[in-house]
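Next up: a single chain in structure tokens, the form predicted alone.
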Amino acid sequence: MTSTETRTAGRLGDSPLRPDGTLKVTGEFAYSSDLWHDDMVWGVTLRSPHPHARIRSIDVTEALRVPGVSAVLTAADVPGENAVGLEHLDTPALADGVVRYQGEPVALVAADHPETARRAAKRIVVDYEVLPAVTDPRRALDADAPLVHASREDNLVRAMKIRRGDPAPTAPVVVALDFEVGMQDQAFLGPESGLAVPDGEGGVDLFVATQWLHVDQGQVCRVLGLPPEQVRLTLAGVGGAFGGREDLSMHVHACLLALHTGKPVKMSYARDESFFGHVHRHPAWLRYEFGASEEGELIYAKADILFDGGAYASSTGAVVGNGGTLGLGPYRIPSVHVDARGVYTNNPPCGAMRGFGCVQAAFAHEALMDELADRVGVDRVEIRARNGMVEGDLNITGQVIDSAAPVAELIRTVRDLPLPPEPEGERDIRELPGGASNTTHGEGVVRGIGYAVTYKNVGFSEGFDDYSTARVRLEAVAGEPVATVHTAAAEVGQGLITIEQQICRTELGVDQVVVHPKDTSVGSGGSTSASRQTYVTGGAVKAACEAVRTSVLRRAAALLQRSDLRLDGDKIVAESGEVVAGLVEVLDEPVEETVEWRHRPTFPIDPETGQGNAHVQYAFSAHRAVVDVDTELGLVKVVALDTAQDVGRALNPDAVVGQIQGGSAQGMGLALMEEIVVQDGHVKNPSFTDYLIPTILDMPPMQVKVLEYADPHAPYGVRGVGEPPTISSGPAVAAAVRAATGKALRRVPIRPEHITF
């Protein structure tokens, strides 16, 4: 446990109290759904009930007659370009002529009360002509499949192929499998919400929970037909994100209503609408084949990966990129043949979620590693250690792993952690599958242990211009030096604002650090995704602090007529150690520097071979899961979920452990319970009653081992932390259930009927 003194210090390597922590646990933190304006009206969205239909007409007459209604808008009221999207501008802000998934926004209503707005929305009459829908992604590329977008030749979003080594390899031992991964939701607790306030001069201020302020701004500007200076975004309190806030939700809708009515407009989704209002994790169908020597050393690997992108592209192209380039796991494989595709369907749109293409692939490659181990008679841990990457190896795109790759150490570390004691005698039912429902007293319960080791890229890849901007200001306030750090990098609960403060304290030696509200008045901070913010925005803050320090010392040198100066806390000292001035003595005017910082460049891969330096950094993790399975009822209790992860350098050790624990919970959830059930394009469970997520009673004790092999190419040696635990935890849980039941279990989430039948 970190000492109280260290927490107060709050520099890098410490674990200071989060400035938003107490407010959140006491319920006093203001989330976006708490936003309020005395003069505001409420906005609601009318959504399509059909996965695919032509809009013949929309009649808003009766809706406008409802007392209290101030506006009803459709696509005809969009003043700019009716098209948004992260990678492709293929998504209408409001459906124009065609709806392509159940839940697509069709019309907007503003009224003086949310219930009034909802009643009015029900009076909008939309005449639909239902069209054939493509809802099975495995049929989406068939010649006779309906086109999701009539302007396209087919339903392909992106195809990637990777070819390396022997084009026709053979091996004495061959194992293969087919695997299916269901659609997972980000399940953030704070639903989509925000407040748009017109400025009276044709512009608008939007306060919203998001992951990427500047990309949101650009899309909103396009739809409104306004320049960026007239569309200003400020981050509101974010109640979780996990990728689900990278795309727009109510952003444009609230702004359209605000500019139309001339009043502030608040929009806040109910839970069921939230399931339709954001993208989800891509379902995937995977076919894998490994060839190996009789000793279990990999000779070749083949993979065919299909992602269901849903009705609009979102970030499907990048997910295909990750699934393809990282989809064979952290192993040395001389020959590879990978095909990865993402397709359009009339299912709900899918996009970014924690793990981003690697999660789905990991279930397949780790299940196949277990099968290979059993086939050749090698321990399941040792076969991973035997084939695991080390620094200097090439991955499947031919990129050199140029920093630590401790695959063998990670998997052996989790193996060697103490196991939970074997149950003896009469057991507490609360510790058994089914818990207090008293479904078993131990009869039919079998224990299983499973392992997984995986890796993930950090930051944006394949030539994306990935950067962040930081502005740091140092000034004297009431006789004390105070630093203010300003970035547009979204704090979504991961603790970025704490890291920004820690960097400023470390680099400038000041105790008081103010974090400026996140907004678009400073340059882009990029997306809070891809485990990139501590690396990229941390790098920008570090560089801005260094520029401030240089300016301060230059000013001090001119004032004191000497050049042998450095900062030491709130003092300016000479090389001899002599204190020559207090820091505030040279801060008669504030010092402010703004820096745009980039990591090393990445490059697009070769379209024919899939070779190239696609990624800037890799992060590795391993899990061991211990489960008890009631083989008669198909119920599973995760008894332990232990992990080891290389984080480069833990700048905030407590936050690192928190990220690892939270990511592990999401991976476990996908393995056992989390799935949006979609039948014929219709979502069947848009609620937390029927969409299950792990609670505190489901999470087991965790032993967390943090390795720190600094990346020499990254600021402070850091590695991204947030996503790797989500990737390796789920496959370990699935492996443990397979070990307990003896069943192949080639689909997740694993349901009771998969175990009992």
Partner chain sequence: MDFLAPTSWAEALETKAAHPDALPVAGGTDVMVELNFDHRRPAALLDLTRVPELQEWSRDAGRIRLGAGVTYSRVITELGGALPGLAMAARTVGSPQIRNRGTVGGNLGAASPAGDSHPALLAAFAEVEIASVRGTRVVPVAEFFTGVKRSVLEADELIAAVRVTPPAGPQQFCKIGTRNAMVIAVSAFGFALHPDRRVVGTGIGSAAPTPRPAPEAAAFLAGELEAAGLWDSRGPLPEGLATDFGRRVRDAAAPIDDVRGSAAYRLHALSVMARRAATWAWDSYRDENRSAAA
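Positions refer to the first chain, counted from 1. Only a predicted model underlies this, so the values are computations on that prediction, with no experimental measurement involved.
Just so it is clear, the following notes concern the form predicted together with its partner chain, a form of the same protein that is not shown.
This chain is displayed without its partner chain, yet in the predicted complex the stretch 629-637 from 149-157, 501-509, 187-195, 629-637 comes within 4.5 Å of it by heavy atoms. Scanning 693, 69, 40, 58 against its partner chain in the predicted complex with a 4.5 Å heavy atom cut-off leaves one residue, 693. Just one of 563, 609, 438, 594 comes within 4.5 Å of its partner chain in the predicted complex, counting any heavy atom, and that one is 438.
When its partner chain is considered in the predicted complex, residue 29 lies well away from it, no heavy atom lying within 4.5 Å. Although the partner is absent from this view, residue 677 contacts its partner chain in the predicted complex, with a non-hydrogen atom inside 4.5 angstroms. Its partner chain in the predicted complex comes within 4.5 Å of no heavy atom belonging to residue 549. Taking the partner from the other structure, its partner chain in the predicted complex has no heavy atom within 4.5 Å of any heavy atom of residue 164. With contact defined as any non-hydrogen atom lying within 4.5 angstroms of its partner chain in the predicted complex, the contacting residues in 96-129 are 115, 119, 122, given in sequence order.
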